[in-house]
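This document opens with one chain alone, in structure tokens, the form predicted alone.
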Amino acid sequence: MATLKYSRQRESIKEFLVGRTDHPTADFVYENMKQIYPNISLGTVYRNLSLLADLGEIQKLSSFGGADRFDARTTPHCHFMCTRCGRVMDVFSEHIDRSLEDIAADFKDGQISDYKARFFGICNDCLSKEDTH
């Protein structure tokens, strides 16, 4: 297997994601990378995000309606999306993880190696705005 050539832009994209918990879209990453690399193209950002996801260095989050989002946290965890504002947040719960792992262990029709659980609802910020009206 060929070794991957180092890319300063790809490393910058990864570092940008590591410091975030808001699961940005490729367009958002692109707008921020343009501040560092004025000549970077949207295609370069998309290709690097896809490559980082293929390498397992970031997660690509699909199925949230709209553009894919990206997460630097690669350890198993769930996500919550606010159906009102579109915000995506990490969900950490030992109970959820344990329950899903139990389901996977009890599955008899194959071997489950991974899972992706997504929750949808209304975030606290949107709920609080509702209460003030």
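In this text, all values refer to a predicted model and were calculated from it rather than measured experimentally. Don't overthink the numbering: it's just position in the shown sequence, from 1.
One more form of this protein should be noted, the form predicted in complex with a further copy of the same chain, which is absent from this view; the next part is about it.
**Prompt:** Hey, in the predicted bound form, is Val18 touching a further copy of the same chain, heavy atoms inside 4.5 Å?
**Reply:** Flag for Val18 set to no.
**Item:** a further copy of the same chain contact in the predicted bound form: Ser63, any heavy atom under 4.5 Å
**Value:** Ser63: yes, in contact with a further copy of the same chain in the predicted bound form.
**Non-hydrogen atom contact Asp27 with a further copy of the same chain in the predicted bound form at 4.5 angstroms** = Asp27: no contact with a further copy of the same chain in the predicted bound form.
**Message:** Is Ile40 part of the interface with a further copy of the same chain in the predicted bound form - any heavy atom within 4.5 Å?
**Reply:** Contact check for Ile40: no, nothing within 4.5 Å of a further copy of the same chain in the predicted bound form.
**Asked** Out of the stretches listed (69-77, 27-35, 99-107, 50-58), which one is close to a further copy of the same chain in the predicted bound form, meaning heavy atoms within 4.5 Å?
**Response** Single hit among the candidates: 99-107.
**Asked** Looking at a further copy of the same chain in the predicted bound form, which residues in 100-127 have at least one heavy atom within 4.5 Å of it?
**Response** Result: Leu100, Asp102, Ile103, Asp106, Phe107, Lys108, Asp109, Gly110, Gln111, Ile112, Ser113, Asp114, Tyr115, Lys116, Ala117, Arg118, Phe119, Phe120, Gly121, Ile122, Cys123, Asn124, Leu127.
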